[in-house]
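In the form predicted on its own, a lone chain appears below as structure tokens.
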């Protein structure tokens, strides 16, 4: 499948140099090598100090560095701003970039609060010339794209139920020090904002809009050690929910950041009237599919027959990876800038994800309808 890509260099500003900052930098350096079009120009990198900004600008290949993110988003040589800063900075940085006339690639979660997300979607709608993209890279996995195609074309019949889990154990150790991620002011939601929103992005792409939710959350480790003594954890370590989709199908949802032994268990099943599809991100190059009349499940490996795989490798079974998903995400953003449909999630679609996870956070056993 061919895509229109920008034929002129676009200037990139990157804010943040952690895990996702490095992923964005690698994606910008590789996107044209994989998909063609003009190479993005790595213009300016922003980090918390001048020293670290200069160090990472050299490492990542950016021409200039600054400790002031405001300089990066307003720079006249910048066309696109990649935002990988802490959650609490997402709204001011994205709004400043949009107001300055830039396109925005923002890592999830979209915002700290639902009201912040609503305001961001509103300002994005007021700047229709700027493309927005949220960092839901797991949607770019060729195996997931193949699965969503199977659901869409009726391979497993009418979708009847969704069962999904996204568990990790990065907070399972009770001696893990307290951090801003465990506060409403700095981190927003907990497991729902870090992990659950990814599961919601898969769930809604496969099953369509959610009509109603009933959920419970848990803080499994109420306090964490800090140099100033124990500090209270404010946001959830785990969440469970039951859902009804507007189609009438049902769903179950679970997410945890304290699930011992789980590293990236983004696992789900779609049960259809004529079959079932099973996926697990810890084995991201496999789909398991059952169809009526078969005795069990058939294992499908990723390969060039699935969307975008062949752009990286011509041989089936040669595994696809996490960072390749980010390259596709960068391609989708560039294609939208060049006039192709924005496959998103943009800020409007991201707001729908935020509505769902924030409803789960406040449900406390009460059914909540998702308004549109």
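Positions refer to the first chain, counted from 1. The structure displayed is predicted, hence computed values, not measured ones.
Omitted here: the form predicted together with a small molecule. The next part is about that form.
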| property | result |
| --- | --- |
| Contact test, all of 48, 93 and 181, partner the small molecule in the predicted bound form, heavy atom 4.5 Å | yes |
| Residue 171, heavy atom within 4.5 angstroms of the small molecule in the predicted bound form | no |
| Close approach of residue 69 to the small molecule in the predicted bound form, 4.5 Å, heavy atom | yes |
| Partner contact for residue 194 in the predicted bound form: the small molecule, 4.5 angstroms, heavy atom | yes |
| The small molecule contact at residue 245 in the predicted bound form, heavy atom, 4.5 Å | no |
| Residue among 208, 101, 222, 86 with a heavy atom within 4.5 Å of the small molecule in the predicted bound form | 86 |
| Candidate from 361, 10, 349, 20 lying within 4.5 Å of the small molecule in the predicted bound form - any heavy atom | 20 |
| Per-stretch contact check against the small molecule in the predicted bound form, the hit in 141 to 149, 154 to 162, 103 to 111, 225 to 233 (non-hydrogen atom, 4.5 angstroms) | 103 to 111 |
